[in-house]
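Form predicted on its own, single chain, as structure tokens, below.
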């Protein structure tokens, strides 16, 4: 990868994080509104970002959506609207599919949060749902963002039997309401 390509990737990554902030938490920061399902008008988003002093065009936005390793964003069919697939702290209904999960899912966190989780459970905090991974590798990456990672193995089979509901986002992230400690089967450090 040459220097120009690296600069391009770095710029796209920074802009991708800004777009995530807008579409998941603060659409008002660039003067836009999301509809009830989290969709933003693409032209308004581009205009709002450009007015904020950053530079973006449709080509860059398409590249960010296409290359995001977490598949955080989706366009509608004609690319006139865009939304974040999950992780919102604002109330939106991204129309996730209610599904029966595998018998176990994984939650990545930091070792420093373990005592609180044992006491209170896994809480959605400022998000709409608790995020769960179907593989240990992804959960480990999530846990590393906050310190020394700890992986909690969740007994989703028992949770389903007890009436919990699970949803699967378009980008493959499993989600549920708060999870009581009694559903943690194992701790992997």
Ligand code: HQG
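Residue numbers count along the first chain shown, from 1. From a predicted model like this one, the values you see are computed outputs, not experimental measurements.
We do not show the form predicted in complex with the ligand, though everything after this point is about it.
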Is residue 107 close enough to the ligand in the predicted bound form to count, meaning some heavy atom within 4.5 Å? yes
Taking the shortest heavy atom distance, is residue 123 within 4.5 Å of the ligand in the predicted bound form? yes
Is residue 83 a contact residue for the ligand in the predicted bound form, using a 4.5 Å heavy atom cut-off? no
Would you classify residue 173 as touching the ligand in the predicted bound form, given a 4.5 Å non-hydrogen atom cut-off? yes
Option touching the ligand, based on a heavy atom within 4.5 Å in the predicted bound form, out of 47, 55, 37, 145: 145
Answer key, the ligand contact in the predicted bound form at 4.5 Å (heavy atoms) among 76, 103, 116, 95: the residue is 116
Thinking of the ligand in the predicted bound form, which stretch from 47 to 55, 28 to 36, 65 to 73, 160 to 168 has heavy atoms inside 4.5 Å of it? 65 to 73
